[in-house]
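Read the single chain below, which is given as structure tokens and is the form predicted alone.
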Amino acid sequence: MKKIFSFLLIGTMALGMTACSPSKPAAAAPAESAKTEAAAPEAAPAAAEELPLIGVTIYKYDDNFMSFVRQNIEKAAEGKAQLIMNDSQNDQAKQNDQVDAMIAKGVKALAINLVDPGAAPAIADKAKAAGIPVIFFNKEYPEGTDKVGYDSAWYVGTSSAEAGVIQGELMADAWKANASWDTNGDGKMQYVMLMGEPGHPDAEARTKESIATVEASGIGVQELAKQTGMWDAAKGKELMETWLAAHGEKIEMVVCNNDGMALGAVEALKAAGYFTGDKFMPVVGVDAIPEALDLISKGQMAGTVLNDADNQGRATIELAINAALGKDVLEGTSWVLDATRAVRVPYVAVTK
């Protein structure tokens, strides 16, 4: 069943998620930094040396969504683990070196947000050779984590197709409720598509399933343009400017694989005079980051899909701590593993 939360509820969640940190990603830290957290005040203080040492990589710190996942990993580790945090700067070779360095420092578990999802077996081989469990998160090996060749490897993330299906349902419902969006009156949705990273399972699934779901609802579609924006707001803005010059008001829907690119698209549309008076173009994204929720409240985005950074971060560190301590990875948690050794955190549609 499709669940649509009110903006107020999701906005409250977002505020809670960022209450102790800025809504925009912090400036990139050095490529590697150690972080040891104190125990919660109500618990007996644990000596730092008693806390398991866990090595974490983020594919790049300045990714809008991953900045929130990183903050929630750090929050969930407070008083429970020592973290070595790494910014892989979108460089798989750098990430490989960081994994080697963390293994050499004696980490008890690895939590890896891959730069290249296809690198999962190579990272798993490094962990297996060292006898260290590994939790991959947010970027999944396309064949499934159960196929990386290591029994002590797990995944935390989402079902890639689900976000596309929910985004497509959101688009179809909004299109049917707003006849004026069909500006040429041909009964078809003329759209442009801002894709994420080529080959990324989430990008591929969101691109395919969003449009397939719209078509399955009985709405005809016509693709005017499709290009990768690499999850990046600046690239999203550049592509939207190009498409406005080429297609102008023929565009009836802007579909974005993430909110970062949607923010860029909205900036380009604002510069072209949209969202003033009656000039409007619907934009949809995925992630429900605070900036996107703000645009939805202002009527400058039609909707997004909540990608739960809080629970992704929490599940990642909970599994990593259990693995580091030699426990069942699900001990003391409410998470469930599927047949591919993955914890799936659900998506939720968000509209005004």
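Quick note: we count residues from 1 along the sequence shown, nothing fancier. Since the structure is predicted, the reported quantities are computational estimates derived from the model, not experimental observations.
Not on display, but discussed next: the form predicted together with a small molecule.
- Contact here is defined as any heavy atom lying within 4.5 Å of the small molecule in the predicted complex, and by that definition not a single one of 182, 252 and 275 is a contact residue.
- Although the partner is absent from this view, residue 57 stays clear of the small molecule in the predicted complex, with no non-hydrogen atom inside 4.5 angstroms.
- Proximity of residue 66 to the small molecule in the predicted complex falls within the 4.5 Å heavy atom cutoff.
- Although the partner is absent here, residue 72 lies well away from the small molecule in the predicted complex, with no heavy atom inside 4.5 Å.
- Using a 4.5 Å cutoff between non-hydrogen atoms, residue 202 counts as a contact of the small molecule in the predicted complex.
- Only one listed stretch (128-136, 202-210, 242-250, 165-173) carries heavy atoms within 4.5 Å of the small molecule in the predicted complex, and that stretch is 202-210.
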